[in-house]
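Only one chain is included here, represented as structure tokens and corresponding to the form predicted on its own.
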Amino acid sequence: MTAIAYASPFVPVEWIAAHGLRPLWLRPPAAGGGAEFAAARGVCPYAGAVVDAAETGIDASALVLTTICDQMRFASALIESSGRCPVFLLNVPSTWQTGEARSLYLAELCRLGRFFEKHGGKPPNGAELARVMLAYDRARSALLSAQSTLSARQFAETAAKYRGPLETASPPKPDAPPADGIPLAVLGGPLLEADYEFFDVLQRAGGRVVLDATEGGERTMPRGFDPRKIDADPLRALADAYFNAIPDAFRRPNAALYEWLGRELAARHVRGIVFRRYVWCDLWHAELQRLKRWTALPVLDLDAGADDVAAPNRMQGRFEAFLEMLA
């Protein structure tokens, strides 16, 4: 089956699968030489790692990126210019509370569908799209229901699998987190594959992640689908669940991000926020001061560089100091 790689939660996995293609959620490995060079030039290590992955070969026929980040726009142009991998840049409007913006996102999904057809996909009928949507919706609901029985890393890795083909994503076996850890939220952008060690280091330091608000976590899961809206117009229902409901720092206005955080932080009795951002990620770095003004909770600013995955001791020391303050 032809694979399509993608690196943004605003690309609906259901839309890829409904075209008969295999979704590949791109989690680049540890940042290599290209990513380190990119960071030295003022480019986000994650964007550099995406370029590295495309240059060394992705096991996919094409790559889908979005406009929600200027650095990923640059990465898209760089990858496309190399000719190694076809790239589709999905325009996701930052201004989102207007009918025009919603219509533009829907039109972009249609344009993306035509791109899929050029790369081995078949246009889905309404019944097939509805079937795929409901299957992914059930899988995400089951994962969220089981979240309290999973460690933070297990939840994050399973969530990543559910952004791929469902037939290869088996339900996780319970691996409960320590009940006595200090409840924390982790907020920020995307993670490299090697960054998932971050959750283990945080747990060893005495923390318990009860809210994964990174780009691959529950913050960016689409809203549950309304079966009545699916029956009426499945593609519009899909667009609404993604474009209208996922809170993010790039939104203008981004009040929905704080409304979502306020609700979830209170419901889970969070005592501290680990704010994880990549060096040179202007989007999330700009959000840091607003977050500190908004919340009464302590915030740990964790600026991750290209070499941080190889320095868990540095992270653990900062976590231990933060958790000691919360104890």
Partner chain sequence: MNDRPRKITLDQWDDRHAELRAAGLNEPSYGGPLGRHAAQGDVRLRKLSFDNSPAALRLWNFLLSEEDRLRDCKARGKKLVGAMKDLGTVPVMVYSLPNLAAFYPDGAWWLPCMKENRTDLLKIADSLGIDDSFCPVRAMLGAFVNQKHFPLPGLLTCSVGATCDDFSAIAQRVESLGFPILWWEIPHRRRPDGDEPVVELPGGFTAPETQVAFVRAELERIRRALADYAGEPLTDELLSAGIERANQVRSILGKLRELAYCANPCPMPALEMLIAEMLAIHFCSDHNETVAVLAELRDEVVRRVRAGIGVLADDAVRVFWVNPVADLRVMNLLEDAGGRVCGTEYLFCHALDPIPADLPPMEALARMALADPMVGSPRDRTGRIVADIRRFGAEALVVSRIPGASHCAWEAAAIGEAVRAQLDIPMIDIEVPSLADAMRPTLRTRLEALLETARTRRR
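Numbering follows the first chain given and starts at 1. Computed from a prediction, not measured in an experiment: that's the story for all the values here.
A second form of this protein, the form predicted in complex with the partner chain, is not displayed here; the remarks below concern that form.
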Spot the stretch among 143-151, 187-195, 126-134, 87-95 with residues whose non-hydrogen atoms come within 4.5 Å of the partner chain in the predicted complex. 87-95
Contact residue in the predicted complex, from R208, K161, R73, H119 (heavy atom within 4.5 Å of the partner chain): R73
Are any of the heavy atoms in W280 no more than 4.5 Å from a heavy atom of the partner chain in the predicted complex? yes
Spell out, yes or no, whether the shortest heavy atom distance between N254 and the partner chain in the predicted complex is within 4.5 Å. yes
Should Q289 be counted as a contact of the partner chain in the predicted complex, where contact means heavy atoms within 4.5 Å? yes
Classify L104 as contacting or not contacting the partner chain in the predicted complex by the rule of any non-hydrogen atom within 4.5 angstroms, answering yes or no. yes
Taking D240, E259 and A266 as the candidate spot, are all three within 4.5 angstroms of the partner chain in the predicted complex by heavy atoms? no
